[in-house]
Each structure stands twice: as structure tokens, then as C-alpha cells.
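We begin with a single chain expressed as C-alpha cells, specifically the form predicted alone.
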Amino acid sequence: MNAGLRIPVAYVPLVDAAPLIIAQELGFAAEEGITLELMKAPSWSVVRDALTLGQADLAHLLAPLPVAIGLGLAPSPVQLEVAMVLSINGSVIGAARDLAARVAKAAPTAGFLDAFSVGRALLSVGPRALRVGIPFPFSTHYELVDYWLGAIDPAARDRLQIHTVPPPRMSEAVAAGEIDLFCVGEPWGSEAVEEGTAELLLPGRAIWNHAPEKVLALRKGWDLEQPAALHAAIRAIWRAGRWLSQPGNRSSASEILSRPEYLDVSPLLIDRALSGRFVVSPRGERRDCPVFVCFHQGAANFPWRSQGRWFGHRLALRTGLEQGDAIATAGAIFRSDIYRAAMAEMPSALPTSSSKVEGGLPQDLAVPAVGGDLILRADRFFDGAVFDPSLPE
């Protein structure tokens, strides 16, 4: 690898792009001998095209999208793979103000993390055809909403009318009457609250406590062409995630991310996501969500093959693909082997296994690890279900 090698990286302006931005801004990339050329894009389709057409070599991408491409559900000239997870959680579910008021009346004691009560109320008072804004059809946002409402009432899936809305346009879509409900990454849910168009009902974490949200994606084979560059990028981004995990750095991170060349919003909105302290309505009501988004702790960056398999399982259920083949294909897209190779000399504890039961941890748990102590974060689904990737579906 040549010193100062430049790596173009595409991203959408969201708080969960922070590890990429911080890696470049604070010199973690330079310490690894690379420059991350950050390419801001208005939508996920633009990021996907930049990566698949070779304009970018790496991308901040929706976790299920490489899986959808691998399963033949999303046309692409090349296959994509996942080198690391960039963020765990980080999305919010919001509703138009009139619908939010009806939900609040139907579930007056529901807390901000009470997915059951809020979901039942939403289905009881919402319109028959529930128009849901999500940033892309193959996204954790879609899977969370579908899982949430479908677990409460399987027939609810037939009520969902999915509208693809770029994250920065979510507030505008609510104001225009195009959607009733949305699931989006921050700061765009909080922006809708500030603009008076919507109220926040839940964080995505209330549905799945440890959902892989965004990943570092690459074209299949690029790891063989530029292994040293890829490993350097993984290490730089990991360093940035570790820095972001320190509470004392939150204000600095918010100021950097707020700059016009990055998210171009108030640092106060960004701080809500980083702190988990939300203003949920234009009336100023506040709710807390501890660890709303996670960039580091609990092996957050490790690309578990079981995460890929869960997405393969969900996509197969939705599209009628054969379950076993979909799960096997999806698991291979999450390249834990690449991550292990890149992090071999870093002060990071790595799990001994590359797969686990998803949803199987009701509380944090110390597990065997290579290179140090490792405590996995609780990863419960709101309905208590588990996904064992070793079992046939």
C-alpha cells in the first residue's frame, strides 16, 4: 500500500456515517496511511450506484442491501460484500402529528421503548392503508417495521403501503401528506419534529435491541485487489468508533458532523442521537433512549454471519425464495474473515465464533474472545423471538 493512498467512500448524510467522517477528520485514516475521500450522496440508490459502478471503492450502506443483491432481488452489475458493521441501531419511528395524537390517546401509558403497546395502538387507530416512508426497499428500516407490526398482527403486513423517501426528505413527505408513518436514521426524524410535521413514537432499538443498521460495503473481489488498503480503512474506522464511544467527545463529534459539507444541520439535533436524549414532539416533550446508536462497544463492528443470515431469512419470507439457500448465501456476504484479518494486531477482542443466535441475549453477557475480554450487548427482539442460524427454517 502506498502512503497516502486515496480511497473514495460514498455515504448518505446521517449520524451513523460518523465513523467515516471522524476517521478522516481526526486523522485516524492518516495514521493508517490512507485518505478517505468522502462522497456525500442524496440517496441510497446514488450510493449503491457509486459503489457498483466503481466511482467509490467503499460505501456506508444499508445492511440488508448487499444481501438483497446477492439473492438476485436488487439488480446490480457486481456483487457486494460487508467488511464491517458501522453502526448498531440509530433509527427512529415517527408519525404525522394527527396520527401520533391518536396513538397517544389509545396508549396513554406507553413508554418510548414499549413497542407492543405503541404498535397495537397504531394498528387500532391508524388508517386501513398505512403509508410508511422508508429510505430504501432493502433496508433495516423496512425489516424493523415489517417485523414489528407483523409480529403484533400478521395481517398488518397487508395494510402497509411502502413509499421510498430519501432521509433528508422525510419531513417534507409528511408535510405533503404523502406518508403517515416513517422509519429513518437520525437526524432526520428529529428534523421532522423541529419542523413541526411529526412526532417520534419509538426508537428502532425498541423493536430489535441490537440491529445492524449500516455497514462498510465493498465490491466483491476488491479485498483481493487492495487488501492492505481495505484493512487500513477498517482499522481507521474502528479507531473512530472507539473515539465516538467516549461521552466526553460527543460535543466535538456533533460540531464536526453538523458542518455544511457533512450533515448540514444543527449540532443540537445530532447530539440528541449521540446522547439518546430526544425531543419527541413539537410541544417539547422529552424521552430518553440509552445507547440509541452504538459505534463500538460489544463487538459492534464485527460482521456476524448470523446477521447476514437473519436478513436472508427475512428477505426469503418476503419474496418466496427458498429459505435454506437464501440463508446460506446471505451469511457468506458478511465477511467476518476480512474483519478478523484486518484487526489481528489491534487491541480489540474478537469473538471466537462468527455466528450466534440473534435475539438470544436478554442482557449483556461476557463471552469467550480472542485478544481480551468481550461483553456482548443484549440483543432481544421485542416479542422475545430468537433466530438460530444453525437450524432449518
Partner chain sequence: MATRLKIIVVEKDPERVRIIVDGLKELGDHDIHVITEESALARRVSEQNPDIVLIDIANPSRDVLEELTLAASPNERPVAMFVDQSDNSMTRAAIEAGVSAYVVGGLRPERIRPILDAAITRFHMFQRMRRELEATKQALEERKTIDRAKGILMRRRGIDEDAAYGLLRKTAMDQGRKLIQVAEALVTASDLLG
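Note that the structure is predicted; figures quoted are calculated from it, not measured. Positions refer to the first chain, counted from 1.
Unshown form predicted in complex with the partner chain; subsequent notes refer to it.
Each of 45, 76 and 166 comes within 4.5 Å of the partner chain in the model of the complex, counting any heavy atom. Across the options 360 to 368, 346 to 354, 321 to 329, 35 to 43, residues that bring heavy atoms within 4.5 Å of the partner chain in the model of the complex belong to 35 to 43. For residue 130, no non-hydrogen atom is located within 4.5 Å of the partner chain in the model of the complex, even though that partner is not displayed. The closest non-hydrogen atom of residue 178 lies within 4.5 Å of the partner chain in the model of the complex.
Although the partner is absent here, residue 94 is not a contact residue: none of its heavy atoms lies within 4.5 angstroms of the partner chain in the model of the complex. Among heavy atoms of residue 278, none comes within 4.5 Å of the partner chain in the model of the complex. Taking a 4.5 Å heavy atom cutoff to the partner chain in the model of the complex, the contact residue among 292, 138, 148, 304 is 138. Though the partner chain is absent from this view, in the model of the complex it lies within 4.5 Å of a heavy atom of just one residue from 100, 256, 113, 162, which is 162. Contact residues in stretch 358 to 375 (any heavy atom within 4.5 Å of the partner chain, taken in the model of the complex) are absent; none meets the cut-off.
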